[in-house]
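A single chain comes next, written as structure tokens; it is the form predicted alone.
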């Protein structure tokens, strides 16, 4: 059951206190308060979890400040877009807005290999006016003999260089709950020069204990990558695990699915699901063309397959692009063949700008 208060009702006002007091008569019902920052107004929503069949809908609607009450029948109770929820839900983290109308490019190293490469990448981002990046410190690999990342050792200089170059958010994968503490500690020691978005990689998409841990902390938002070999529904349920623990600042990332039908690409590109996820949920949606395509091949038209895949996601309404760049892909210790060159960054961004503008024109025409 979902209780939606009238617009701009304060989250700590008497209206919410009246609701919580009213719910005391239902000991089997737990209330989760969520503050929604829409594009034009803020909303306070309260999700009632448990034996809600015993709760009187009419009784709730008569409480002060309540705009409407919705009985939820959909599977995704917390991340879902339920009836009467029309606000573009999102969040602000370290000064950067993420919602279903925003657009950001997280360009950077799939895996941090050398400090010099981080420095060159951060400098290129600053020159291009990009304030978001990806930097892998912990890397789960298919083979136990492949480079697994530098771990906590590289965090101090990654955060330092990010701050020096105006990067506000770094997407960084975690594969164990202890790494959340390592990131937090390194950020604090560095004076919090930047922010971190915790990434759940495709191999951990159903690591439910890890999902619970990233959900229980609310300091860092979460970038969840769709599982490479599971259904979209299973991946969305995994996001529900994160949200059910209290953290709803989640971005859902499509990164291709494992299928021989995708060859010669690394994975079968699934970016047609961008509008599907935006319709079923209120999460911002990201696309990862690098891990979908997996190769830096250029077509007869002069454009890389990576650019075409990214464009497919953006023209469908993606709010974020996660893409690999490297100053010297031939020396990269992880996924070098799919990384674009730093000197190609301005061209890549200009190409995405064209596609994003086309999407906005399409959207405007559809709503007039």
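Residue numbers count along the first chain shown, from 1. Just so it is clear, the model here is predicted, and its values are computed rather than measured.
Omitted from view is the form predicted together with phosphoenolpyruvate, to which the following refers.
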### Message
Within 4.5 Å, heavy atoms only: does residue 215 come near phosphoenolpyruvate in the model of the complex?
### Response
no
### Message
Is residue 239 part of the interface with phosphoenolpyruvate in the model of the complex - any heavy atom within 4.5 Å?
### Response
no
### Message
in the model of the complex, is there a heavy atom of phosphoenolpyruvate that lies within 4.5 Å of any heavy atom of residue 134, even though the partner is absent here?
### Response
yes
### Task
Although phosphoenolpyruvate is absent from this view, report whether residue 162 comes within 4.5 Å of it in the model of the complex, heavy atoms only.
no
### Message
Looking at 195, 294, 221, 201 here, can you tell me which has any non-hydrogen atom within 4.5 angstroms of phosphoenolpyruvate in the model of the complex?
### Response
201
### Message
Using a 4.5 Å heavy atom cut-off, which residue among 110, 167, 79, 251 comes into contact with phosphoenolpyruvate in the model of the complex?
### Response
110
### Summary
Which of 286 to 294, 146 to 154, 97 to 105, 116 to 124 lies within 4.5 Å of phosphoenolpyruvate in the model of the complex, heavy atoms considered? The stretch 286 to 294
#### Entry: Those residues of 219 to 254 which, in the model of the complex, come within 4.5 Å of phosphoenolpyruvate by heavy atom
225
